[in-house]
Structures are given as C-alpha cells and as structure tokens.
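So this first bit is one chain, no partners, the form predicted on its own, shown in structure tokens.
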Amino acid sequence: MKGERIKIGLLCLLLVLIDLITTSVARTYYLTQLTMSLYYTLVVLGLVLLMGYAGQISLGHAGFFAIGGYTTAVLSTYNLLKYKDSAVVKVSSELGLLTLRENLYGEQILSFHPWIGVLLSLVIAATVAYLIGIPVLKLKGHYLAMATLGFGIIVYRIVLGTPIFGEADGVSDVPPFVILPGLSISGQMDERRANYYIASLLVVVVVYLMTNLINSRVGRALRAIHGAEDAAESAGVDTAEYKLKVFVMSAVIAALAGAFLTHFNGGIGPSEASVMKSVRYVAIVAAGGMASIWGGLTMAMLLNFLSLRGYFGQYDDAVFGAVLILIMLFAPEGLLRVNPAGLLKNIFKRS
C-alpha cells in the first residue's frame, strides 16, 4: 500500500504541474478539455474494476453515463411553475428542494436544485444496474457483451426519441452545480481552474478508494473470480454477489461522471449514450491494461484529451475502433505492459 500511496501522491503532483504549465505558457484553455477528460476517465476507472478484476465486460456503460447526465439535466431545467399549486411542488419548495432562476431567454424557471438531480441520478443508476445486473451477470463471454450492448442501445433510443430528453437536440441551459458558496461546477471562464481541480480531486479520490478495495479481501476475491470463477465459487466466494456489487459500483461512478460533466458543459446530447461511446471506453481500458488502474488512467487522460482537441478529426470513432482491434491482436495486456521484442514477434507471427 505504501507504493500505491506514493503513486497517488505523484498523481496529485502531476495534476498540479499540468495546471501550472498551462498557466505559464498561456494555454489555460487546455484546462477545459483536460477537465472533460478527467470526467471520462472516471467511467474508464469503473470499467477497469468491472472488466479487469470482476472479469465482466460491459458495452453499455455509456448508458449509465447518460442516465446520470440526463437525470440531473431534466430535473434542473424542467419548469415546475405551472404546477406551483400542486401539493408535491409546495412540499418540495418548503423543504428547500426547488430553486427559482432565469433561463437564457429571461423566463422564470422553477426546478429542482442540482443537488437533488445529482443524488437522484446516482440512485437511479444504481437501481437500474442492480435490476439488470441480476439476470445479465449470469451470462458469460459474448452473451454478456451483447446483453450490455442491448441495454446501451435501449438507453440511446429512449433519450433520442423522448421529448422530455430533448430528442436529437438534447438538454441545454443546465445551471451550475453549486457545491459550496463561491464554488460550483460550470463552464464559466473564470471558474475554469477551479473546475479542473474539482475533477482532479474526484479522480484522485476514486483512484484511492479503488486501490484500497483491490488490496483488500474483496479485491482478492475479485481476482479469484477473474482468474477462475468456478474455482472461486467452490472455495466459498459468493461470485454472483461480488459481480453484482462491482457492476453497480461501476455504474454509479459512470453516472456521477455524467452528472458532473453535464453541469460543466451546461447540457448533454444523445451522442453521450451512443454505442461508440461505450466502445471507446472499452478500447481505452484495453489500451491501458484490463487490470491496471494506472494504465487505464493514463490512456484515458491521453486519448480523451487528443480526441477532445480534435486531433483525430473526422476519424475519431475509427481511431478508437482501430485501437481496440490492434490491442486485442498484438498487445492484449495493454500498451504500458508491452515488451517491444515480444510485440514484434507477435506482429510477425500474425502477419
């Protein structure tokens, strides 16, 4: 654990250095893409835990990301003024759950406080993951992948075809998420650095919790499940319970990332729930190494940043698809664990 704490300390130092460097070279606008990359990195970290340790593949995590984003977006933008005389709205107002503000057009909007939206998004994501995880996690291999893919497609079609979710336009004018007085998650220029550090802190906390989990008795049980599920079950490990809990945990992490990024961007669109988003997350996990938190973290930050800066252009989705194929063929342990000599031998063997 001492080694892990040193790595976490170095991660904190690196994140601070990135801010200092971008400020010193007058490139603070990079912090916008870096902040978004950090939120997408959270989804990847959850998948590392699910795929690399519990041995369960998911092609539907973009769906959980969208659940988090759309839930808080709708609750914080839907105007309840026309229902102000209803008992539910009156009680919610008395409890301080509602907030009154002006939208972009100067109209009064009475909606739920972003705190309610974020918390409810986590509850909904956890509930959905639990309900679909019970039957789905009984499947293995490509059957499990196809089942989670089906879930992702369902979420995508729902947000694309439902008026309350904005259909193809998505939901916009999402208000800032005020965490503390003077500190909020939003895309405002003067809060760019603060938001970068909020996202950085969230990633560091998740990494710290994951490393503690992996080095605990639960982590050993997960590694046993990944290595040989039948043997682990015969040794007394409740494989179904562990897989379900990890699935729910990774779904909640994805929903949290979706909720925070939605408030940061001020909106969310159906592309966040697309199948290619899920493929992208899986490709990054594969590139970093299935059971490597640090590999997944590094590749997520790098590839997402390059993508958000537009370096891949119109071939963005194609790049991530190609990454997944090449990693599976030539470097199944991840790019950071590649032995150059072994890689060349593997390439020539397959050519």
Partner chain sequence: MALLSAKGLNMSFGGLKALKDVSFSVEPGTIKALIGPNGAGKTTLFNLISGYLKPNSGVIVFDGRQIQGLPPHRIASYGIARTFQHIRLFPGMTVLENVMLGLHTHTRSGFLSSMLRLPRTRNEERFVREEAMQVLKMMGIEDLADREATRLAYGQQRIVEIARALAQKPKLLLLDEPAAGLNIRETRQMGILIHQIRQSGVTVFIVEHDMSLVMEISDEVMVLSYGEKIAEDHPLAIQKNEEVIKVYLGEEDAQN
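Positions refer to the first chain, counted from 1. What you are looking at is a predicted structure, and each value in this text was computed from that prediction instead of being measured.
Not pictured, yet referred to below: the form predicted together with its partner chain.
In the predicted complex, no heavy atom of Leu122 sits within 4.5 Å of its partner chain.
The shortest heavy atom separation between Ser234 and its partner chain in the predicted complex is within 4.5 Å.
Remark: Glu107 does not count among the residues lining its partner chain in the predicted complex, judged by a heavy atom distance of 4.5 Å or less. Heavy atoms of Ala228 reach within 4.5 Å of its partner chain in the predicted complex, making it an interface residue. The three residues Ala283, Val319 and Leu329 each lack any heavy atom within 4.5 Å of its partner chain in the predicted complex. When its partner chain is considered in the predicted complex, only one residue from Val252, Val279, Val218, Ala145 comes within 4.5 Å through any heavy atom, namely Val218. Scanning Leu213, Val178, Leu97, Val275 against its partner chain in the predicted complex with a 4.5 Å heavy atom cut-off leaves one residue, Leu213. Stretch-level contact check against its partner chain in the predicted complex with heavy atoms at 4.5 Å: of 255-263, 205-213, 154-162, 86-94, the positive one is 205-213.
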